[in-house]
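What follows is a single chain, given as structure tokens, in the form predicted on its own.
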């Protein structure tokens, strides 16, 4: 029952170095369901948390290829099938004139895929997250760094995990309630 009542435990650190060190140690200790919160981007944190590479580049590539095919296909269809006009004896399928608009639709579809993919992969919109219930979490957007180990982690035990987090020398360890 204790597991269901809390979302996890969060430790507050004063520096990015301490946060990365804590995330590395938590990963080495076998914790996998954890997240870190920081007011600045930290390059090493991605690897310290053991996060997998994102699927976003593949989504953007798919959007770009779709845009290229759609842009070129629309021009081909309009020029050769729907409205074939013989102007000056030029061929109906004049591919050099189709390149620039096809490139533009490639960029348009890639950008749209990037935005929509990022929103979906980040789980947005998320108007509520349990971490907002943590005391002092508002400091995460100013000058504090937080590491949260979630209760759904297979290794999570509230007392053992609390002792582990306290051994990392954080400023404070608090429960995060649902």
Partner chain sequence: MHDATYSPPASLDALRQRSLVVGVIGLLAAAAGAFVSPGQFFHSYLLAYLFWLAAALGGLALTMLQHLSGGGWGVVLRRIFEAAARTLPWMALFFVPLVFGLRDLYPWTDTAMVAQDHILKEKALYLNVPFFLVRAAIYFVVWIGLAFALTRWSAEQDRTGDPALAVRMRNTSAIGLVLYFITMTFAAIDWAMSLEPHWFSTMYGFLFIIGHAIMGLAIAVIMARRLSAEAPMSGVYNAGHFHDFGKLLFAFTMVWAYLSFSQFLIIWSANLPEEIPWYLHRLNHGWERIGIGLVIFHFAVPFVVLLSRRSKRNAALLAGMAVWLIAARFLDLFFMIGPEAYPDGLGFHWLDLAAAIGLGGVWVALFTSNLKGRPLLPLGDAGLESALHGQHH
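This structure is a prediction, so every number in the text was calculated from the model and none was measured. Residue numbers count along the first chain shown, from 1.
Keep in mind that the form predicted together with its partner chain is missing from the display, and what follows is about it.
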query: Answer range among 148-156, 115-123, 38-46, 134-142 for contact with its partner chain, defined in the predicted complex as heavy atoms within 4.5 Å; finding: 38-46
query: Contacting member of 51, 61, 29, 69, with respect to its partner chain in the predicted complex [4.5 Å, heavy atom]; finding: 61
query: is_contact(residue 97, its partner chain) in the predicted complex, heavy atom dist at most 4.5 Å; finding: yes
query: Interface membership of residue 160, its partner chain in the predicted complex, 4.5 Å heavy atom rule; finding: no
query: 4.5 Å heavy atom contact, residue 16 to its partner chain in the predicted complex; finding: yes
query: Residues from 125-161 in contact with its partner chain (non-hydrogen atom within 4.5 Å) in the predicted complex; finding: none
